[in-house]
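In structure tokens, the next block holds one chain alone, the form predicted alone.
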Amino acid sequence: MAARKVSTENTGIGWIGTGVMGASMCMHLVKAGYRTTVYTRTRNKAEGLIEAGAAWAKSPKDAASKSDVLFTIVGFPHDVREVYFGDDGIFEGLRKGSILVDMTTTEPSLAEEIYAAAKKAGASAIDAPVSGGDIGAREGKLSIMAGGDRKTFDAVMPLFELMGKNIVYQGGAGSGQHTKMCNQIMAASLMVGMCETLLYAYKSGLDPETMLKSVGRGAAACWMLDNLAPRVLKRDFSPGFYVEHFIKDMGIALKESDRMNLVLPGLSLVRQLYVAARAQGHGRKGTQALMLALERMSGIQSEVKKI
């Protein structure tokens, strides 16, 4: 399967995980005409895909048995391990020659383990985490960072192109996950900067929207200011990416950093701030809900109407 590119005529797609991003990503494949089989722990989260033409699988094993290329995008490393290696998991139904693509942000060592298990089973595996949140997923503009064999990456490129605009092969198994850690390290600092910028504007008496017209087009310009600052101004803390998942990602990055004898004090601080946000009940909100924790630390949460 990995020797030739995929097409709607010769490729059956499997998809496991239909959360904030996964459902939109899978929908692009369904609308492109790929025969798609979908599984998620809560079936009603897949109803939109089923209505659009996707078939339902009763388990990860069932999805694997019907797929030439099988995508996964679930929550935490333990979810990935269960989906792949569980009693009713992917490796119980995997077909020889098929391709596995894990788009979950997870541990690089787990990506390497999946790659080795797939190879042993006569299949191929790519780790391909993404960045761009719910907006990027809906618009098909995600950044996709991939690790694994180059020929496997090339084979599934037509599928990646339906979901993303910036698609880069990073190297061997686990390289995609290491690249995503770089992304999350940077994103963590940018998120704190965005929230503190809005707090400062509020307390100094500036109009935040007017302030952003200057700051958002200068040296501080970034995706956070363009996409998440407007949500904060509207007091919209719905998830494009969950706080609890961001904490997980930062934990993986710190674990890998410790293994490599790196010291990342900035990342350690940001993770603690997000842990505080989760402790305040914001774990299932979007990452921009860090603002709520910082408002509370400054003692202004009750007076804020619109920052």
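The model shown is predicted, which means the values in this text are computed figures rather than measured ones. Residue numbers here begin at 1 and follow the sequence given.
From this point on, the text means the form predicted in complex with another copy of the chain, which you will not see here.
- Taking a 4.5 Å heavy atom cutoff to another copy of the chain in the predicted bound form, the contact residue among K213, K96, K120, K234 is K213.
- Note on the partner interface in the predicted bound form: the residue among A279, L262, A52, A32 having a heavy atom within 4.5 angstroms of another copy of the chain is L262.
- Although the partner is absent from this view, M186 contacts another copy of the chain in the predicted bound form, with a non-hydrogen atom inside 4.5 angstroms.
- Contact between A253 and another copy of the chain in the predicted bound form is found at the 4.5 Å heavy atom cutoff.
- At a distance threshold of 4.5 angstroms between non-hydrogen atoms, P108 is in contact with another copy of the chain in the predicted bound form.
- Contact annotation: Y169 falls within 4.5 Å of another copy of the chain in the predicted bound form, judged by heavy atom distances.
- Here the chain stands alone, but in the predicted bound form its contact with another copy of the chain, taken as any heavy atom within 4.5 Å, falls in 265-273 among 54-62, 40-48, 24-32, 265-273.
- Shown without its partner, the chain has N183, I185, M186, A187, S189, L190, V192, G193, M194, E196, T197, L199, Y200 in segment 183-200 as residues with a non-hydrogen atom within 4.5 angstroms of another copy of the chain in the predicted bound form.
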